[in-house]
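So this first bit is one chain, no partners, the form predicted on its own, shown in structure tokens.
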């Protein structure tokens, strides 16, 4: 679904002299919306890939540390900082692009689409949240990067509570379960999942309920930020 309110994305590219022309970063930006896991894609506005869809990325800047680059790309996409980002790996197959020898460092990021206000910029025809299962014809080796990002994501959510980055500020237990099912690609036993989630001490019950459902309104929760930060450092094993 194309977004109408995107903050400027890659519409002010740096001067070519600032770029390392054979090294780039590409980002798999995941979001969760309408019970579907989605990835943020950009439709190129010019060049050989005009009209095609891709992961957002940019050539590495000579005056910026490599570890800053994914945050730089994401800041230009979302206008916000302090987004969860983790490196996936390096992709450097000889034929990965058709115009030269380009090596890319891939990252993945997790955001809640409801929290961001974005807009299509001058270097993109469009930008959209696309269901991961439907993102099948990306340029170059971007599908390979996306597939690897999904493997990494499914592994990480079993040992770190990073899935909470995809949730709105308040959510139901059903919402969390749908999120994990979307990330894992299979259904989970509801009673067992809820028991384990509540015993993790990550959740804080609010006094509010979700009155948007036609049946008994479920309780809304937030996640314990202090506990979350501890578990990001210590890790845990969440058997799903």
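Residue numbers count along the first chain shown, from 1. Keep in mind that what you see is a predicted model, and the values were worked out from it rather than measured.
The form predicted together with another copy of the chain is left out here; the points below concern that form.
In summary, among the residues 173, 203, 61, 179, the only one with a non-hydrogen atom within 4.5 Å of another copy of the chain in the predicted complex is 61. Among 75, 87, 143, 131, the residue placing a heavy atom within 4.5 Å of another copy of the chain in the predicted complex is 87. By the 4.5 Å heavy atom rule, the three marked residues 42, 55 and 137 all fail to count as contacting another copy of the chain in the predicted complex. From the list 187 to 195, 64 to 72, 205 to 213, 46 to 54, the contact stretch for another copy of the chain in the predicted complex under a 4.5 Å heavy atom rule is 64 to 72.
Among heavy atoms of residue 101, some come within 4.5 Å of another copy of the chain in the predicted complex. Of the heavy atoms in residue 23, some are within 4.5 Å of another copy of the chain in the predicted complex.
Taking the partner from the other structure, another copy of the chain in the predicted complex has no heavy atom within 4.5 Å of any heavy atom of residue 168. Contact check for residue 105: a non-hydrogen atom falls within 4.5 Å of another copy of the chain in the predicted complex. Counting a residue when any of its non-hydrogen atoms is within 4.5 Å of another copy of the chain in the predicted complex, the hits in 83 to 100 run 87, 89, 90, 91, 92, 93, 94.
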